[in-house]
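Given next are two forms of a protein chain, the same chain in both, each as structure tokens and marked structure 1 or structure 2.
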Structure 1
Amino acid sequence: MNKLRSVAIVVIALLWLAPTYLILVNSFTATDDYDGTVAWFPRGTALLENMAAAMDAANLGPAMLHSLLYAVVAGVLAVLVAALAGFVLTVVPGRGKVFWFWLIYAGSLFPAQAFLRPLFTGYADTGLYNTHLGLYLIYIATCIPFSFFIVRNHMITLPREIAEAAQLDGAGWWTVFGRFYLPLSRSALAAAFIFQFVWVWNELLFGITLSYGEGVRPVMAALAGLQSTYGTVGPPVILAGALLVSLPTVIVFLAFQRVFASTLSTRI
């Protein structure tokens, strides 16, 4: 029984590793050595050259820089904005909390396709189309609902005595938020940020719909563009490009596995 279990685990793990292994092996093949067949064993050491060729062919460098900025800026701002809303809807007394919770949270229920075309025409009319600002705005807006959910769920577990004691000492709501709730929510804020960073970095749909220029488009749009040149630049370069743009999220994912696990179980 235990032997059977071990065999099953090994088989499944190997099946899962096979695509990753193939990508690695083939992205090491120098373009000139690629003979149109799949390499099952390493045929070269040209990974870095292939990555450089991919950066060249699809202008991946600027695209990666843009996406890094989109992911960091949108992640930080969305989490802060979400924290403000989470705070007012958990700690500050007032009416209509359920309504506002659902209004903000609804943003994460709808698929992007549901609002894409009006967004596109709105962007075209206001000059936001193909601008950095336009992408920052949509990434912040789409990151808010889930960050809000995470941060709010954390703040609701904090003892309300904190706010009450601070208020007795004369602190206003902004002070209560900035001095107490924000620092006490550090872990939830970080979890939400990491999740949204990976989300924005991996995002394609808004990238190809709301931008086209190489000075604006995010990294996955650039990778999709590279993929469409399959015949001309050759598989090793394209696979190396896919590896290159996947590195940041894989590293983040491996470093913060625990955050992902705990955040996932609250994900809807």
Structure 2
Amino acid sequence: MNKLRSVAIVVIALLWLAPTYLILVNSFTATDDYDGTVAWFPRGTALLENMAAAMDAANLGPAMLHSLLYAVVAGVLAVLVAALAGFVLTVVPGRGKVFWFWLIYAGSLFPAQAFLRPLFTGYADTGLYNTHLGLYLIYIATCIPFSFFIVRNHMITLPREIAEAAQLDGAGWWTVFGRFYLPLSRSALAAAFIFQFVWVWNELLFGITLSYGEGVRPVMAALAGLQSTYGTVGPPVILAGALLVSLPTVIVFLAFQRVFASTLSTRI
């Protein structure tokens, strides 16, 4: 049984990695040498040249900086708001906790396409369209529900005696939250931040709908613009650009993989 499971895992991993392998191999081909067929082995050494061409053609440098700021700021603020909401619904006495849980968590259940048109109209009417503030707001708002789900599920596992003991010593709710529950929830907060960082970095729909200028648009919107120049720059340059913009998420996962794996296996 264990052998069969191992074989299944290897097969699934190979199928999962096959598209990434093809992107990597074909991005080594120089644009002038590309003949339209899929290469299963490297046909050149033009990966760095293709990445540089993608950077110039789509102006990916500023777009990557924008996405980095969107992902970090939205991830941090969304996780903090989610932690506060999770604390209130798990520790602070009150009524209607089930209602508030489902109201907040429902934000992660509805598809973005359902409210995209009224969102676009509202942004256009209020001057938030094609602004950094507009993208910060939508990314923070969309990141809160799932972060809330992760952090709240972790806080449920913490002993209630922590808050009761702190209150007997005269601590208020803000002190209990800031000095006890936040430090004890570091692994869940880190896992939630990683999820939201990767989601914001890879987000395309809001990026192309709520922005158009190079001074605002995120990196995936810039990469989508590069694909529109398919006939000019060539497929190897587009594939190299896709690899380039994927590197930050890989680095984040490698840097926080232990925290991420331990949190998923023990707390969530």
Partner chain sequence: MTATTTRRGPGRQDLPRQPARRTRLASHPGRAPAPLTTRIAFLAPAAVLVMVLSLAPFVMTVWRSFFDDSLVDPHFNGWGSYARIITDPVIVRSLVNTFFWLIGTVAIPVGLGLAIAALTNSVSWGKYARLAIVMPYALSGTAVAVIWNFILRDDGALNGLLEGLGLGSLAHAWLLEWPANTIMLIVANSWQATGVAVILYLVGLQGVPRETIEAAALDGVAGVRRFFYIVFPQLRATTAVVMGISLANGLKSFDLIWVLTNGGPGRATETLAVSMYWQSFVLQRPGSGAAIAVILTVVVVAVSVGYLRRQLRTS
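Each form is matched to the other, and the largest set of C-alpha atoms that superpose within 1.5 Å is called the rigid core. Because the structure is predicted, anything quoted here is derived from the model rather than measured. Residue 1 is the first residue of structure 1, and the numbers go on in sequence order from there.
Visitor: Given the two isolated forms of this chain, which one is the form predicted together with the partner chain?
Guide: Here the form predicted together with the partner chain corresponds to structure 1.
Visitor: Does Asn59 show a Cα shift reaching 2 Å between structure 1 and structure 2 after rigid-core superposition?
Guide: No: Asn59 shifts by under 2 Å between structure 1 and structure 2.
Visitor: Core aligned, does the CA of Thr31 move at least 2 Å between structure 1 and structure 2?
Guide: Yes; that C-alpha moves by at least 2 Å between structure 1 and structure 2.
Visitor: So with the core overlaid, does the Cα of Met220 end up 2 Å or more away between structure 1 and structure 2?
Guide: Comparing the forms between structure 1 and structure 2, which are aligned on their rigid core, Met220 does not shift its C-alpha by 2 Å or more.
Visitor: Determine, in Å, the CA shift of Ile12 between structure 1 and structure 2 after the rigid core is used for superposition.
Guide: With the cores aligned, its C-alpha sits 6.5 Å away.
Visitor: Superpose on the rigid core and then read off how far the CA of Leu22 has moved between structure 1 and structure 2, in Å.
Guide: On core superposition, this C-alpha lies 3.2 Å from its counterpart.
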